[in-house]
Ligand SMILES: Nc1nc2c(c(=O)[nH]1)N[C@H]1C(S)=C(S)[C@@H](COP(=O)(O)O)O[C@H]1N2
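Okay, here we've got a single chain as structure tokens, the form predicted on its own, with questions on binding and movement later.
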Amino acid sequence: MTDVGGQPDAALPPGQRLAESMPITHYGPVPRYRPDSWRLTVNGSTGDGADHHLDAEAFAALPRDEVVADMHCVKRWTVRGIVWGGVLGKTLLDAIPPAPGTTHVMTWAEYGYSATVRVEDLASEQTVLATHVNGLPLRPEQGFPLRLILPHLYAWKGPKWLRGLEYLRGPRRGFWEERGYHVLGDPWQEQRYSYLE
């Protein structure tokens, strides 16, 4: 288990305030999970040039881990010491490596939602493709069956209902980045909006 932040006396990123629990926020309705057709797709600039599709069974067979980390929302709340269980981002990158020259990953979720992160963000020891929170399976409104968690970035960078990772050879703006949010999203640098880039 990796412990990242989570200390009650640790400093908060600038402009953040403590919250006792994670508010449930999302754009659009909660999707219905269809286990027979669910797939996590990894494509784009993959090391072998192929598209990879992991069904629920194949994803569940990947090595599991836990990360204890804070969550920082661009709406200025922070929740301390959340336990996320799932597959580390670096584990997925090892299983399906990107091609040389790949710099970014477009993360895709239900309804075409997307967010762009750097490969180094996905490879961070803090990053987890989460199936569980605080020892329990994610609830549908929390992102079940799969949610990307990048505790070192604002929470919008980690979409609920994750369905795909597209390896890219350069940055592209995702859903909120196209609507005025920062392309990087580091809460410690207060990278909230694109005019700060």
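Note that residue numbering begins at 1 and tracks the sequence as displayed. These numbers come from a predicted model, not from an experiment.
The same protein has a further form, the form predicted in complex with this ligand, not shown here; the description that follows concerns it.
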{"item": "This ligand: the contacting residue among His26, His52, His132, Arg64 in the predicted complex [heavy atom, 4.5 Å]", "value": "His26"}
{"item": "Heavy atom of Pro151 within 4.5 Å of this ligand in the predicted complex", "value": "no"}
{"item": "Residue contact check: Ile96 to this ligand in the predicted complex, 4.5 Å heavy atom", "value": "no"}
{"item": "Heavy atom of Ala69 within 4.5 Å of this ligand in the predicted complex", "value": "no"}
{"item": "is_contact(Ala155, this ligand) in the predicted complex, heavy atom dist at most 4.5 Å", "value": "yes"}
{"item": "Partner-facing stretch of 36-44, 124-132, 158-166, 56-64, counted where any non-hydrogen atom is within 4.5 angstroms of this ligand in the predicted complex", "value": "158-166"}
{"item": "Partner contacts in the predicted complex for 110-128 (non-hydrogen atom within 4.5 angstroms of this ligand)", "value": "Tyr113"}
